[in-house]
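Take a look at this single chain, the form predicted alone, given in structure tokens.
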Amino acid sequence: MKSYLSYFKLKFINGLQYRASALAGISTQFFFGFVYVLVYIAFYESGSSELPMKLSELVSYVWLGQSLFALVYLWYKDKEIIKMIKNGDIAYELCRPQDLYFTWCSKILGERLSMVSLRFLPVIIVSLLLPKPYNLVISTNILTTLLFFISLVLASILMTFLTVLYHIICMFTLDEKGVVNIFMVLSDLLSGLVIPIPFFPKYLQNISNILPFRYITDFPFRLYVGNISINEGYIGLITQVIWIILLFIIGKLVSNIAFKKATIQGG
């Protein structure tokens, strides 16, 4: 256990060194945040009726997505792991006494948390100081806020297992581009990171509710802004736990096959 914590700590501290990258990321988050907010405000002012979210909920949803983007987006590639698979250095990792699956989980979670820790506060502070209706609204419901933080922790674990899974799949394909592009399309569409799930057609909402992607972004964000009731929140938390267990089992099974039949290339 100590070795996995060491990997996590090393990746987290190492990730904090890239401040220029964090500044670039913050600028990007502000740009897209303002673009989304302005588009949605224009959409609401057009006179559309029977919309599934209040404007204040939707704007807060957007700022939460931008502040936590470095943690919740799913098409992340760990360059070190990909390089290791491609050049054959994974052979050295397989000789170590640690479980490579948990090692990769520790590294990916550590780096993602370091990325979001540098970007979260600036985006949140500025979005809180913006005038209405452009600002993030703080939740006054203590129970909702508590459930949000629990769901965010579960979402981080869910994100980690999904990310590790497609890194493992790269061991079969020997190239990450196809796998990552598939995950990029699916996650961007079905997670609610671009468009909240309530704005989808009914059939697409039903598909999203079954898959794990929305439980990383759409569910915790809508829970915080008050678009999801407390009872629905409890059901969502249970669903997150179920998906975590399923993805862990799938990830371990696939990793055992991949590591046993690993093709070492490079030289």
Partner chain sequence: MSLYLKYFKVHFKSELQYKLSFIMSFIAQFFVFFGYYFTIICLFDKFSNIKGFTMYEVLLTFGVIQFGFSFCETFFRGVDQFDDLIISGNFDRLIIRPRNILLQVFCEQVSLIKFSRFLQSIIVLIIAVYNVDIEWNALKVITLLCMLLSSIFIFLSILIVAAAYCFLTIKGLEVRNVLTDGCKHMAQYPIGIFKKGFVFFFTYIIPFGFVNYFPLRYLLDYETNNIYVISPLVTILYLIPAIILFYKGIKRYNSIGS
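Positions refer to the first chain, counted from 1. All of these numbers come straight from a predicted model, not from anything done at the bench.
Below, we turn to the form predicted in complex with the partner chain, even though it does not appear here.
The closest non-hydrogen atom of V194 lies within 4.5 Å of the partner chain in the predicted complex. Contact annotation for L189: at least one heavy atom lies within 4.5 Å of the partner chain in the predicted complex.
Interface membership of G15, defined by any non-hydrogen atom within 4.5 Å of the partner chain in the predicted complex, is ruled out.
Contact annotation for D175: at least one heavy atom lies within 4.5 Å of the partner chain in the predicted complex. Look at 121-129, 181-189, 147-155, 101-109: in the predicted complex, residues with non-hydrogen atoms within 4.5 angstroms of the partner chain sit in 181-189.
For a residue to qualify, one of its non-hydrogen atoms must sit within 4.5 Å of the partner chain in the predicted complex; none of F213, Y215 and Y234 qualifies. Among the residues N209, S56, T28, S229, the one placing a heavy atom within 4.5 Å of the partner chain in the predicted complex is T28. If you take 84-109 and check each residue for a heavy atom within 4.5 Å of the partner chain in the predicted complex, you get nothing at all.
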